[in-house]
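What follows is one chain in structure tokens, specifically the form predicted alone.
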């Protein structure tokens, strides 16, 4: 079944081919159902070469998680221009997030579905990526509070909780958008801004919603 390489290629390039194939197989079939034979065949290499470069199925999956996490966080960071108002930075970051997850659905499946459901160390790798994005959103919420109030009174734990809620909503919306024909990155970002930032705007203006007595 496995095909052998037909010409010499730099190791780094060959390894990226293997990771490309692995992300596709893991993303579409799931970690447990994916086989090294399938990955080698799709990459156009022999299975022993996959093991030589990437040691084991577990190490290969970890390498996929790390690569896809780095690509996603880099895309979000590149989409945001410092110096703009906090809502504009969040808007740009969300558009970059949804565009990347739409363009790389298998990579998003690896991060959002597969890595989280197969225990450590996979879940820890995905959690590290998520923590980086949450920290970024937390800073934006804190900036918005400073812009709205000279002496912001939002407690630190509330800012962190709002960031967690925004990131969780973005993750769920990305999964929904990828499964919904016709849904675009711009539409998903607009939906989340309408759902979340409109409410945050009232909060920053000192008009929070309060539960009934």
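Numbering follows the first chain given and starts at 1. This is a predicted model, so every value here is computed, not measured.
Not pictured, yet referred to below: the form predicted together with the DNA.
- Every residue in the set 11, 35 and 49 has a non-hydrogen atom no more than 4.5 Å from the DNA in the predicted bound form.
- The chain is drawn here without the DNA; in the predicted bound form, the stretch among 63-71, 50-58, 183-191, 169-177 whose residues come within 4.5 Å of it by any heavy atom is 50-58.
- Although the partner is absent here, residue 163 is not a contact residue: none of its heavy atoms lies within 4.5 angstroms of the DNA in the predicted bound form.
- Proximity of residue 145 to the DNA in the predicted bound form: non-hydrogen atoms within 4.5 Å are absent; the residue sits far from the partner.
- A residue is said to contact a partner when one of its heavy atoms sits within 4.5 Å of a partner heavy atom; residue 159 fails this definition for the DNA in the predicted bound form, lying far away.
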